[in-house]
Structures are given as C-alpha cells and as structure tokens.
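Take a look at this one chain, the form predicted alone, written out in structure tokens.
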Amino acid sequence: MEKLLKGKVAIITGSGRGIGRATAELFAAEGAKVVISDIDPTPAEETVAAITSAGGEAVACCGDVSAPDFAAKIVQTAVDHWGALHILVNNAGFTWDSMIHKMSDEQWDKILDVHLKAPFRIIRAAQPYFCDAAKKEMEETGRATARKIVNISSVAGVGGNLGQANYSSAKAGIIGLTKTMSKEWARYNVQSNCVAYGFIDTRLTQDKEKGIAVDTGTEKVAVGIPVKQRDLFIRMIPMGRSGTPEEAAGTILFFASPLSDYVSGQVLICGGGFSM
C-alpha cells in the first residue's frame, strides 16, 4: 500500500516533544518530508535524528514561534530544502494559567501570540506555496494538489476552563481561524481543519509537583496539573484514561492525508469520549 503522505512536505511546530514529535515521526513513516520546530534546539535535533535514523527525511528550524520573523523563516526552511510545501500543522503551545483577576497582560499576550498570532503568521507566509502553487497547477493540469492546514485547539477552546481565560480564548480563536481558512482558500483545494484535544499525556498534563517548566522565550514557566485535579479530569473521561501522544497524532494524520480531501472547516474532539 502506498504511504499516505508520500512526496509531501510538512511543517509541524512544537514537534520536539509530545504530540508534535509523535506526529512528526508518524508523518515521516508515511512518507512526508518534515520540518521540525521547537524553541529548544536539543529536542528538535533529537526528533530529526530519530526520523533520519529510521530512514525518513527531516530538518530542524528552531526558535520562538511568536517572534515576528519566525513564520517566514520556517516556511523558507521547507522551500529551501524540498522546493514545496503541502501541510501546515500549527501545534506549538503551552499553558500559563491564572484566574482572570490575577492574570497579567504578559500572560494574556504571550498565550494569544503563541496559540493564535503565530499560526496566523505561518499560514499567511505559506500563501505563495499554497495558493500561487495551486493556481499554476490548475493552469497546467486543470486541478490543484490538495494542501492541508491542521490547527490544534483544545476542549478548553470549545467549552472554556477555569484558570485558563488566555488559553481558552486562544484555542477558541484558532477554531475561528480554521473555519475562515476553509472558506478563503477552498478554491485552491486547501482543506483547513482543527483537532481539539482533551486530556493527552504530555509534560503539560503531568503532576505539577514534578517541577516541569517551559521556556516562553523570556522566562521559564511552571506547567502541569495538581495531582488531585489531574485525577478528577481523568475520572471525567468516559474511556477512563488519558490519551497518548501517538493516539493524538493519528487524528492529525487523518486531516493531513488524502482521507480528508473533501473535509474542511471541521473541529474534531480527540478526548476519549469527553465532550463539552
């Protein structure tokens, strides 16, 4: 059977760890050439090494996705290495929680910048390699290659969540961006869809007492969930457990593959039966 992503070039932000890395490895196994992105070069290079050692093709493009020049840099990385771009997966992110009356402007702005402005900029930067390339293909063959935008949201973006006014707002916003792109670029055979995750087992959902922190670009921010709250969340999942990064990656593969060539503007909740 032919690989689902044979000959495709994909960008996956936040792919040094967790869901992003699982997605990158799955894409590469399905034949894609993958640009790996992380704010920390070490996990990005480890992911590249894992993919190449397995016979796949990958290159790293590291940096803060919220930096003004990052979108152009990561798109150019794909084009410089492989001469094309077919798939965008806007996955990079983290949480910086606080009740709204205690939330700083910095907390609000940074989460919106990473989860909403950065995807907007990357999609905009990809326009020539999505739309202009499609126009040329239609002139030459009468049909454009299917290209894919897969944005990552959360059940918090669908139903809100205590202590996450910033994150919930950003994740609701990315749904609006997804649906808009499904209309604006439909004529270029671009499918734009969104995966809204529930409780996936990554460093962002580990016990907060483990002291895990993420780099925001300006400081380290503690992430994780207090163990009692974590256990409560898991008990609310009908399947009775958290999801794995590999299970999460499968939903992204569906939206990135030919299996979804007539599916656009949709939000798929990947939450073990949990819904809002």
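Don't overthink the numbering: it's just position in the shown sequence, from 1. Just so it is clear, the structure is predicted and the values come from calculations on it, not from any experiment.
Below, we turn to the form predicted together with a small molecule, even though it does not appear here.
When you look in the predicted bound form, the only residue of Ala144, Leu204, Ile175, Cys131 with a non-hydrogen atom within 4.5 Å of the small molecule is Leu204. Of the candidate stretches 123-131, 98-106, 186-194, 151-159, only 151-159 contains residues with a heavy atom within 4.5 Å of the small molecule in the predicted bound form.
Taking the partner from elsewhere, Ala78 is found to have every heavy atom lying beyond 4.5 Å of the small molecule in the predicted bound form. At least one heavy atom of Ile200 is located within 4.5 Å of the small molecule in the predicted bound form. Proximity of Val65 to the small molecule in the predicted bound form: non-hydrogen atoms within 4.5 Å are present. By the criterion of a heavy atom within 4.5 Å, Trp82 is excluded from the residues contacting the small molecule in the predicted bound form. Annotation: in the predicted bound form, residues Leu4, Lys33 and Val48 none come within 4.5 Å of the small molecule through any heavy atom.
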